[in-house]
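Take a look at this single chain, the form predicted alone, given in structure tokens.
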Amino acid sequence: MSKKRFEDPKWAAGQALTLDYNYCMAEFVGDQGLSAAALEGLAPRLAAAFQELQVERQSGRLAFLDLPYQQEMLAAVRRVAKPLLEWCWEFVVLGIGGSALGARALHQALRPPQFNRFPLARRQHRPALWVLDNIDPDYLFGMLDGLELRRTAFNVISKSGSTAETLAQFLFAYHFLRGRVGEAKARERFVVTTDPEKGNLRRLVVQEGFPSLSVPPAVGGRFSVLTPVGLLPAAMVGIDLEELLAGARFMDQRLQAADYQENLASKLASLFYLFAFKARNILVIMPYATALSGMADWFCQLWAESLGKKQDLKGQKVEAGTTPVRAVGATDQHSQLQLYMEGPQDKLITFLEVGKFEHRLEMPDLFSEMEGLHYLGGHTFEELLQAEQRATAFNLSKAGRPNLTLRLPEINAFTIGQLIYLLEVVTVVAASLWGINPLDQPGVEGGKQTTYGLMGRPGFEDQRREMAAGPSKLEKYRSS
């Protein structure tokens, strides 16, 4: 077997993510920025955060940290994918939140936009990937109606096995497919990814014999992209899983080798945390690459659901967290940048910059008599996009608007693995600074339980009655 490129230390070092936070500092953005003393002042708390991280890792509570080393999990994904790849043209993910965003982010980052239409992809039996992450009936029916169902496989993803939206999608899709191909073949075309022992979906696997994969019990949904939740869809579309996990391992080793005050995770967590206390409660994540917009969406859930907490670990009211917003350069220079440049001083902007793109597209040197066109001739689209990112960062700093840049040398499986792992660690370190639990989500449980009651699920009658008691009051402020 030939040596994989990620096994070359020189290549790996050249693919390392780097951080530039000059434009966060007071010497560049004035009193809106941070002082070196403010960052240094976090040293004792960072030390405690990293010590806690190691303790929690050893206890197994932060099981996502060890996912890049799980070769058995990788083998299980390949076993399930192999027979599907012999016939599947359409691979559909039925999931929501952490069961969908990671798969979409990997696909968008590491496959061309029209990959599934390439003749080579068809010849290699690499299907199109569709992620159905909502229960809008028109969208759901429209997606299913356009598929070649005899060549379609479905991946039903819910760690708990009780996610109402995913179960509803499954019931409809299974009925839909069963009517086209029959019961036996329909059963073969659904792969269930869920808890290894508990939940409705695991019971269904045991009862009906659906092919299945397991989500490690100690890994929460929003941290599950490097489990079969994200890896099976990635395997189906031909993403190099070994390189992806190698990138995550590389970042893990970097974070452990570097001093806790100097590594990327501590710097990012410190910046995000300190600016929250300078009234910058909106965290904009702005990749200058369309391929990374899905990664930005994935991060928004990771950050919001992990850190938006009413109480700290002592039970005190803190209402922690900042609001993540996804923007894409250069697209959103023409939609959001005006607000960022001159609106309220409540945002910290994090750019994702790409050092080198896969394709070199040069602008033709035409229309020499028109200076407004001619100056572009001979330059590449990469140059233009990178110039726009640097110009935006610089002009934000001139306006006293703090911003930082996280740079990926290229977009490949190795750098995306690094990015995923880094942002997960950053989130946990930030939670430690806030003194909150990053692994639960109590704020969304009430809505789930009321929905169960409204839909008639046994055991949730009180929630239904509570909701039913409100309509007479609600009429007061309704307009026709």
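Keep in mind it's a predicted model, so treat the numbers as computed, not measured. Each residue number is its position in the shown sequence, starting from 1.
The same protein also exists as the form predicted together with 5-phosphoarabinonic acid (PA5); that form is not shown, yet it is the one meant from here on.
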{"query": "Partner-contacting position among S160, T380, T323, Q386 - heavy atom within 4.5 Å of 5-phosphoarabinonic acid (PA5) in the model of the complex", "finding": "S160"}
{"query": "Contact residue in the model of the complex, from P287, P127, G221, P228 (heavy atom within 4.5 Å of 5-phosphoarabinonic acid (PA5))", "finding": "G221"}
{"query": "Contact test, all of I96, E305 and Q441, partner 5-phosphoarabinonic acid (PA5) in the model of the complex, heavy atom 4.5 Å", "finding": "yes"}
{"query": "4.5 angstroms heavy atom contact with 5-phosphoarabinonic acid (PA5) in the model of the complex for N395", "finding": "no"}
{"query": "Partner proximity in the model of the complex: Q301 to 5-phosphoarabinonic acid (PA5), non-hydrogen atom cutoff 4.5 Å", "finding": "yes"}
{"query": "Contact segment among 405-413, 171-179, 266-274, 152-160, judged by heavy atoms lying within 4.5 Å of 5-phosphoarabinonic acid (PA5) in the model of the complex", "finding": "152-160"}
